[in-house]
Every structure is written in structure tokens, then in C-alpha cells.
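Quick setup: one chain, the form predicted on its own, written in C-alpha cells, and binding and motion questions come after.
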Amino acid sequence: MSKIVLEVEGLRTSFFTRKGIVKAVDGVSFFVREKETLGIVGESGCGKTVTGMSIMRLLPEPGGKIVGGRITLNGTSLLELSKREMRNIRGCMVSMILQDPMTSLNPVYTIGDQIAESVRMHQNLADEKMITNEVVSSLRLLQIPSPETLLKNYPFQLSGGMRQRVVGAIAMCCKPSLLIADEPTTALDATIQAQYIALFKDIQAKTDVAIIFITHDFGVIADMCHRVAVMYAGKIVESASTSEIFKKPQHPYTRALINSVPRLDRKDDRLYSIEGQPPSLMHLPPGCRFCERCSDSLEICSKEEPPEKNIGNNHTVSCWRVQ
């Protein structure tokens, strides 16, 4: 069995505002193995991105703060590192691809300069020819045609799909053991999205990198991920292998998300939607956080928070209806 690259235990991240404390991530635990892709799926605002930013320790300060838990990357406790030590880890051992490539790329620097910056910082290469070779190699890994020519281009000269590949090249140029991809396919059309997902699989096969794939799209999860963690209101409510989740979804929220995926074999007049709104993370209700939107809720659901249960095959779920 492959080694565990990342282990997150009881992670709690809060934002301290004038109106109160926002519990964005509230006791999240999961792990990712080498060569494995873990999908974190859920509605907007459920805590997916904050989980990724917590692992990278890139929370906006002074408002955002990790208030509890442990994050262990290749045996190193990330929460015990200084800011300087974390800068050496970030980009080298763990990298992140953000949703919008135009917010990740500097419009006044060439593509070559932006990738070379990371190479200089983490690989300690002084020879410019060696640095250029590393930059070209990372662009080739992302299957970018004519990489030597692309080095001199600026971000505005590239298409959205090509910019996203360049961001991927920056993330992978120092050969990290963990890659966090935060909804990287959202701004891409269906054809380019399929190509990008295939590219992730190819990169993983060549490098053995562990991937955390953050998305709200169960269709992408089905095509990309080995295991799935379903998040709702700052908590993971269900976790299992991708095949297990699709065959035997146990949590009502998981079933609702799967039913929300459009299907060609379903001739409904209207697409399925989940009624109601997620609770405020500043004023969380007692009991199950999905209770008010759940059609199968019990009396206990509104009073006590359901414990996490392992129902076999490493399938865990937090629901009072699951025995």
C-alpha cells in the first residue's frame, strides 16, 4: 500500500470578524496517499477552499486563524513551522492551483520568468541555462506545445486553458509530493475540461504526486478521483471510495448532490435542486447541520450532532439514520 503523504486531524479554522466568529472548517480529518486523488466536494461556502488554504497556511491575516488540529506532510507537522520554514515547504513539497489563472499569474512578467522564480527559490540553481531547462521541462510535463517559444509570452497572449496549464507548470516545476487543485476546471468549457482532467491523470502517473481535487461537481469527481470527502457547513459528512459513494451514498446531502448532476438518461422536466440554504457558519444550529434541508430528518437530528460511523470498506458517514 502506498505511503500516506498528508494527514489532517481535527482541523479547525475560524475567521474572527466584528460580527462574530465564522467557523469555516470545524473538525475536519482525512488523509491522502501517494499516487492517490482525493476529491473534496460540496456547495460553495462549505469550507473546501479554506481547508486547502489552511494546509498551505495561506489564510488571510489577522482575521483567519487555525485554532485546532494537526496537519502532517511527509512526517512534518506544518502547524509547528515558522513562516520562513513554511515558505521553503510551499511550492516545493506542496503546491496549489487556484480556480482563476489570471489571479495567479502576474500580467507584467513573462511566462518563463514566473516559472523560473519558483525554480530559483527551491532548486538552488545558479546557471541560467539549467533554470531554463527546468522551466521548459515543466511546460512539457503539462503538454504545452512549443514551450521554448511560450517562455517569452505574457499571460494575456494565452487562452484560458493554456493559462491554466501554465499555472499547473508553476505548481509542478519543483516536483511536489502533494498538489492541491482548487476548482481548476470551473472556468473551462467541457472539451478543455476533459483534456485538463486527462492531463492530471497523466501527470500523476509520471510523478506519483498525491492530489487533493476541490470541486462542487460530482461529474468531475467521478472522472478524476479515487476517494471522495463530502463537506457540508465546515464538516465532512461522508467519505468513501468514489465507486462506493456512487453505488451506496448514505448521507442525504451526498444523495442530493449526486441527483443534482444532469444525466442524459433522465428525462425530467426540471433539474433536481436542494431546497433551502446552508446554515450561517457564524450561527450554527444544534444537531445535524443539514437537518433543516433534509426530508428524512428525525427528531434527534435537530438536537444532537450525529457521530461519525464506519460502515465498512473505509466508508464513514455522519447521519442518525445510518446504523
Partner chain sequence: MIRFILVRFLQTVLALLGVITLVFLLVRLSGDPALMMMTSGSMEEDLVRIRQQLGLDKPQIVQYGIYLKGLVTGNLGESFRNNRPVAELISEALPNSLRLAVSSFIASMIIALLLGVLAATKRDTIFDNGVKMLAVLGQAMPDFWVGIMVILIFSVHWQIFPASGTDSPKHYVLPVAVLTFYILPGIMRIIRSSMLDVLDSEYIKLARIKGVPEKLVIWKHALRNALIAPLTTAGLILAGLIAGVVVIEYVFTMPGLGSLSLEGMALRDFPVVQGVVLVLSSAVLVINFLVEVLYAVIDPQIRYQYT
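Positions refer to the first chain, counted from 1. Only a predicted model underlies this, so the values are computations on that prediction, with no experimental measurement involved.
This protein has a second form, the form predicted together with its partner chain, left out of what is shown; the following refers to that one.
Its partner chain is not shown here, but in the model of the complex it comes within 4.5 Å of a heavy atom of S118. Interface membership of Q123, defined by any non-hydrogen atom within 4.5 Å of its partner chain in the model of the complex, is ruled out. At a distance threshold of 4.5 angstroms between non-hydrogen atoms, S146 is out of contact with its partner chain in the model of the complex. Within this chain, L151 is remote from the site of its partner chain in the model of the complex, having no heavy atom within 4.5 Å. Screening C294, L281, M53, V32 for any heavy atom within 4.5 Å of its partner chain in the model of the complex leaves a single hit, M53. Shown here without its partner chain, the chain has L58, R87, R90, G91 in 57-94 lying with a heavy atom within 4.5 Å of that partner in the model of the complex.
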